[in-house]
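Encoded as structure tokens, the following chain is the form predicted alone, with no partner shown.
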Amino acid sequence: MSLPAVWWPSDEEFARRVLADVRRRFTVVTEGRETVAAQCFETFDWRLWESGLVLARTARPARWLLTRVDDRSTVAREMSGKGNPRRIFSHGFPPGALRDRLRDVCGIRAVLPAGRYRESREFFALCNGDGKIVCRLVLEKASATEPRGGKVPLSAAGFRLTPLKGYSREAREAAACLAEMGCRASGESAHPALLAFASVDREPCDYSSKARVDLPQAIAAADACRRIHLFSLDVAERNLPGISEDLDTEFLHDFRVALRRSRSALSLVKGVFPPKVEKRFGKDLAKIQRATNRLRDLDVHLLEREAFEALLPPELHAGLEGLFRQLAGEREQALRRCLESLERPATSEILRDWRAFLELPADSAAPRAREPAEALGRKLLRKRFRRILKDGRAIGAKTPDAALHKLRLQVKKLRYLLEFFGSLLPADETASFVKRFRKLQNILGRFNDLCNQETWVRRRLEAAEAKEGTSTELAASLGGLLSELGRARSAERAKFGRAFARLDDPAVRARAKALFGGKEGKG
């Protein structure tokens, strides 16, 4: 026999009244009690929750627990050290199942404190008139309070009923008793982590850096662009505290992507805002982003350490140790300069003025302000796709690398336009087109990364060779790395032709025609 768990937002007084009613119908024997106090941890962008997982650190015993959201079963556990970390990365855990799972799910993101909860369970045996146990009842209570105080504690309580074989009638009677008292039946009790999240004003999946602005079909271009820009501005501003506290490198990355998305929209979708607005904020947002360039470059290089070591034999790793130690020192200086720029009143003024403009009613004076957003989006997408086909067809085996870089920029612009206007297009057809398009985008992105890495390593090697006292280990490591990056770049370029051919396939061009309108893009 299967009975649902019963869980409802309540207080302990109500739960006790329910239990008193159960006692009037059954002989109730108390079998024990357990209490767990825990602090939840989650990435800023909810990677664990979206994977159906909750990470918590319990107090007694002090250990890390990774559980499933649905049935709260344990996936992995690990003993916890002392202290109260403000952040921890997967590599900060001891080798084992927990670290492996967190590495796979969280990647380079830190897990951050996300509220506390206390959960208790009281175990009861329900007996019949003969004194035989007919079912078991667990009173589950959970509560959470805001760590800084000042809020009414959040709480929930409920009963979990487990029937025993041969006593299904008695179990149904117990379930009916709970229902009569006003308990709301559900399949599973809610994870107490939800209370912890709510206590710190968070809700699962309340943040994502991915552009997912749902636009109504009849929306005008200026109104659509305002929504798109407001989404990007919200993302940028929500990442500022994480940059300031230097919690992980993805805060800066998401901040820069949000700025770049707005700058792209201003340059790609012309005529929906007054020209002076497009000019001013295109320039101002670029200025903010430039102040983060050096820090982001160093972050990228430091994140490549494992990849660089994998390219070299072990005997050449020693030279990289000093290089990355030097990069870490340079990053500290770059972080200070970046924060000084982001915390200047002028930066706050730019973001404040940008929001003030976006929250105003749309100005219909701009030439394309009242144009239907769907029609404008299709027109821009069609133009960009044709440009990609034309430029891609001109690239051969002997074409300079610069042509691939230019094509990458065109592909990136198409991707942004799909993000902006994708919700106005048929979802299934758009997803099928994006699948073909993403392969080429990934190859061009990887090719560009390798070119940048190769240029950076070459400059480091030239500087090292020109400096007296440079260790031979460093020069040997950089030289070996330069050679391996060159080979990887050539291999990635060799993939371009096949990936572009898949995009330039007649079936894909026909799909693009259906999506964007016009001819199939023959150049």
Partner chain sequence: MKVIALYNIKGGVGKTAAAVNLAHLAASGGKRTLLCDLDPQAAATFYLRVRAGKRHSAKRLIRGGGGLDRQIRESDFPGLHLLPAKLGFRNLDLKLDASKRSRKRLAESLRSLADAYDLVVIDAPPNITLLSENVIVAADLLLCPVIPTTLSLRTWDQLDRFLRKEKLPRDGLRAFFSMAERRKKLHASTVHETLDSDPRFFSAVIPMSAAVERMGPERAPLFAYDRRSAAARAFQDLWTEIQHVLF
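Bear in mind the structure is a predicted one, so any value in this text is a computation, not a measurement. Numbering follows the first chain given and starts at 1.
Below, we turn to the form predicted together with the partner chain, even though it does not appear here.
The listed set 311, 164, 351, 198 contains one residue whose heavy atoms approach the partner chain in the model of the complex to within 4.5 Å, identified as 164. When the partner chain is considered in the model of the complex, only one residue from 87, 412, 405, 136 comes within 4.5 Å through any heavy atom, namely 136.
Contact with the partner chain in the model of the complex, judged as any non-hydrogen atom within 4.5 angstroms, is confined among 430 to 438, 322 to 330, 128 to 136, 78 to 86 to 128 to 136.
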